[in-house]
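For reference, the chain that follows is the form predicted on its own, supplied as structure tokens.
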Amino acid sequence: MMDNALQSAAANSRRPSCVIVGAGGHGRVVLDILENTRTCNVIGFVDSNPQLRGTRIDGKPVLGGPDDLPAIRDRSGIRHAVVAIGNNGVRRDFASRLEATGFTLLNAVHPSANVARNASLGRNVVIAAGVHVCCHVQIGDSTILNTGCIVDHESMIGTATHVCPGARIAGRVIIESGAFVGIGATVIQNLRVGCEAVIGAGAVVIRDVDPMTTVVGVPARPVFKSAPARDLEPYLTAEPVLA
């Protein structure tokens, strides 16, 4: 019965059909964005929690786990997906897995977001309500720009980063791959935030942040630095990875 329902839902819409990978809070945000934009027909969720299988999240079924994606694709003809997982590394890895199995990754951009016409967006980018993306900004694959954040002119945001609600990124800032900019944080102009760095909530960054370093406070100061995992070494480059 579920197979028939999937095929019927996919066939009855002229919009591309898609699944959302991740049925947690961020998945609900992505569903709300996609239903507001009406750019695709969300068939359901996929989530690694087996207890969610067969339940419904905001009216959409949880179709199975990540290992079921090839079967879901083959049964229903769904070829599009958005990865809605908050953890930067996990989101990046799932995006790679999906593309390797033939899925096309979609962006989810809330209609209330203001994105400059000459901004550049990668794949699997989520831009939430009230976000401002200014001119000549580059946003890498699998990045989250969360509710009400600002990314000002000519800034570059690397792959699989998360800019949290209310954060403010000034002009010509480089945020490298996998970085996390906490809620309400501020990064002044012309700075670089290194790969996998963490900026604490409410911090004001007035100097470059080294890779793998956590900074907090006003002005922001380093409080922790971790050694890079071997699989992150390709991302520790002189230039941010944007695709």
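Numbers follow the displayed sequence, beginning with 1. These numbers come from a predicted model, not from an experiment.
The discussion below concerns the form predicted in complex with a small molecule, not included here.
A.B. asks: Which single stretch, out of 159-167, 118-126, 73-81, 105-113, brings residue heavy atoms within 4.5 Å of the small molecule in the predicted bound form?
C.D. replies: Single hit among the candidates: 159-167.
A.B. asks: When the contact criterion is heavy atoms within 4.5 Å, does T214 count as touching the small molecule in the predicted bound form?
C.D. replies: Answer yes; at least one heavy atom of T214 falls within 4.5 Å of the small molecule in the predicted bound form.
A.B. asks: So, A201 and the small molecule: in the predicted bound form, are they within 4.5 Å at any heavy atom pair?
C.D. replies: Yes.
A.B. asks: Is N88 near the small molecule? Define near as a heavy atom within 4.5 Å, in the predicted bound form.
C.D. replies: The answer is no: N88 has no heavy atom within 4.5 Å of the small molecule.
A.B. asks: Does the 4.5 Å heavy atom contact test between N146 and the small molecule in the predicted bound form come out positive?
C.D. replies: Yes, contact at 4.5 Å.
A.B. asks: Ok, G27, G194, G64, G182: which has a heavy atom sitting within 4.5 Å of the small molecule in the predicted bound form?
C.D. replies: Contact residue from the list: G182.
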